[in-house]
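Shown below, as structure tokens, is a lone chain in the form predicted on its own; questions about how it binds or moves come after it.
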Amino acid sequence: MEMRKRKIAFLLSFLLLLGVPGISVAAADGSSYVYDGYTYDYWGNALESPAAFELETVIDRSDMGSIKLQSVDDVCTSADGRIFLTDKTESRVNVFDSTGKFLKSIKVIMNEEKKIVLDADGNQIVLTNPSGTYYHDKNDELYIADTGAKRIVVLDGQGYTMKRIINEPEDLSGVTEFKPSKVAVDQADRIYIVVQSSYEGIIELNADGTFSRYFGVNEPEVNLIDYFWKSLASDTQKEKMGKTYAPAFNNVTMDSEGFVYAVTHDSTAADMVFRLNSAGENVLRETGKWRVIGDIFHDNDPSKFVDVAVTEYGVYAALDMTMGRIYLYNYDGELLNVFGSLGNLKGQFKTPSGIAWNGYSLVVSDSELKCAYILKPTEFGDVLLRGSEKYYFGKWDEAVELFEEALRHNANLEVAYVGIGKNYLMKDEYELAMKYFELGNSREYYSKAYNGYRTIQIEKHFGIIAVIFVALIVMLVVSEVRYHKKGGKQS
């Protein structure tokens, strides 16, 4: 009997390691260990953190009837909660509601009369290996990067019927082939297109589809050794040397203020995450101790971001394909949480491909697993997100309450201490601010609070300081007078 129990226990352990569907590792409180995360402290030590998100739903082909789901290469969401998954292999865009229920599959493009739309040559307009989608809530339109057909297909956002086709602009300059893989649209209806392996930047089109410019060139890291030798080389030698090209972007999206967010996983890039202004300059805030690069320590295998998603309150999630992790940053570029991993357990990733916010939840797609996960925030994640939201919109007292609640879940969360300290700093409560900045190891903000505290103390005790100062001057003068009198008598 005892031997039988041991065999059963061994079998269950083996099944857990294999990650059999429906089986996942769980903590004593019922939450999954899969998304337990970490942050970094001031010295670069990884600090354990409770899970900020947990798996709510797996979207797969289980309720899609005869529709096949061969890959999930991108994900986007609409303001009303619909989820759009791009299947490049099957040349489809599949639509789900906010709970993951299947609604519709788009492949053959129809018009408002429900008839198949034909192109100028009389051929049916059918999606051909699409790689990305973007829902433009302002105009209620769905933009599809129809990569195989080298075009952008724009559909009505409710009936999914044809609105227009954006082909390669006649005035497109440069050498980049017009083969859209990702697309985003701003509030002025300007269209931003990522073409894989393009070193000329993001293609920006006007609202009518005409070419505007290449936008946001990605600067490569400077190799000082190569730069030195090239500075000494002749023109003939320089021609034979390898050229340094700008790293390509991999994905693009928009924030609520009209800035373009983009990512790259090119190891030669100086930056990995971008917030591009109208001039194409990277203005991403990085006020934390560590830069926005993913893992700060790695064994020659740095984070490679394939997608980024940003909320209306500046919190953004960067999806890393190297380790299957999601890096959560606030508007100031301070790391809130890192979670996720590659593996075989339910909720882990194989080849993560896209990420999007849906309210406070995240939707993450995986091309190899042919599915998408809906991740909902845990109690800890909820207060962390809402605290960041209140702080962003200037509701600082409410933000403090939420950050204090977050600290009850995770006492090592330095960003929460700093958030509380910033609130007291803005209220000119410098002594309290200094306390929290010290707990959060924020030397920059501690110095600001200390300067304010010192100024107040000087003003408060100005009378005493002035009396002491005058007394010192008087003592100095009296001392000098006595010294000179003694000198006169001696002479």
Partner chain sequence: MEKVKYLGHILFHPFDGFYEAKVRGKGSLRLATILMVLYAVLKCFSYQYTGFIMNMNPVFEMNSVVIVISALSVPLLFVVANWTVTTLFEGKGKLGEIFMVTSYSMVPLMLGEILVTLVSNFVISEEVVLLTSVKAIMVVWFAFLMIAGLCTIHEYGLFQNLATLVVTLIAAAILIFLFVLFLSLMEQMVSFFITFSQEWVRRT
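Predicted, not measured: the structure shown is a model, and the values here were computed from it. Numbering follows the first chain given and starts at 1.
Keep in mind that the form predicted together with the partner chain is not shown, yet the notes after this line are about it.
Looking at the partner-bound form in the predicted bound form, is Y446 within 4.5 Å of the partner chain by any heavy atom?
Close contact exists here: in the predicted bound form, Y446 approaches the partner chain to within 4.5 Å, heavy atoms only.
Taking heavy atoms and a 4.5 Å cut-off, does T57 contact the partner chain in the predicted bound form?
No, T57 is distant from the partner.
In the predicted bound form, does Y38 have a heavy atom within 4.5 Å of the partner chain?
Y38 lies outside the contact set for the partner chain.
Looking in the predicted bound form, any heavy atom of N451 within 4.5 Å of the partner chain?
Contact with the partner chain, yes.
Exactly one stretch in 419-427, 48-56, 433-441, 64-72 has heavy atoms within 4.5 Å of the partner chain in the predicted bound form; which is it?
Comparing against the partner chain in the predicted bound form, the contact stretch is 433-441.
For the heavy atom contacts within 4.5 Å of the partner chain in the predicted bound form, list the residues of 37-74 involved, in sequence order.
The stretch 37-74, when checked against the partner chain in the predicted bound form, contributes Y42, W43 at the 4.5 Å heavy-atom cut-off.
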